[in-house]
Ligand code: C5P
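Presented as structure tokens, the chain that follows is alone, the form predicted alone.
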């Protein structure tokens, strides 16, 4: 299991300062909508300058018509990031089109698909997708697997079932992890490290418990020891 630290602070300066504090650890860094729209490729380059071994997950959740998604995926793959994601609900055709576009690209990033956002509870999810989260998340994961992607973004609660219905090598990345039982904030389906381990999660994403700490490096070290 690998740790992915969410760089969700209000400014590039604060995010870069956080990256400097944890630069000696073997971690991934998640760059989301706000950071990338505000700070762009220069921010990604600055992170690599802090530690060239940092792995970067660009969390933009592409969702559009198939060709537009493939165009965007191709451009993302030129940025030097190590992983990015799309929405599984864009459909199997769109995901297949993305992977067809990237198949001849050397050292392409890992490509994951979001099954169900961890901010959903079952009622809100069902109001949109007309099915329960656990059932639909597994179906989205199967579609993702058949489309040739590397894995999915899901809650820890679906990870084991997803692997059972796809492959043990199919990556699951789980946001909303509260490693030691911290407050859930705006997330609905949160889990701790023990549950993530039990569910065979491959990547855990941790944000607030790290960047709101007065000593982020200490928290990262504690999490890595637990992993």
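Residue numbers count along the first chain shown, from 1. A quick note: this is a predicted structure, and the numbers were derived from the prediction, not measured.
Another form exists, predicted in complex with cytidine-5'-monophosphate; not displayed. Remarks below refer to it.
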Inset, instruction - Check, residue by residue, if 150, 163 and 200 all come within 4.5 Å of cytidine-5'-monophosphate in the model of the complex, counting heavy atoms only. - result: no
Inset, instruction - Could you tell me which of 139-147, 95-103, 76-84, 117-125 sits within 4.5 Å of cytidine-5'-monophosphate in the model of the complex, going by non-hydrogen atoms? - result: 117-125
Legend entry - in the model of the complex, residue 207 touching cytidine-5'-monophosphate (heavy atom, 4.5 Å): yes
Inset, instruction - Decide whether residue 178 counts as a contact residue for cytidine-5'-monophosphate in the model of the complex under a heavy atom distance cut-off of 4.5 Å. - result: yes
Legend entry - Touches cytidine-5'-monophosphate in the model of the complex: residue 55 (any heavy atom, 4.5 Å): no
Inset, instruction - Look up in the model of the complex whether residue 61 has a non-hydrogen atom within 4.5 angstroms of cytidine-5'-monophosphate, and give yes or no. - result: yes
Inset, instruction - Enumerate the residues of 1-24 that have a non-hydrogen atom within 4.5 Å of cytidine-5'-monophosphate in the model of the complex, in sequence order, or give none. - result: 6, 8
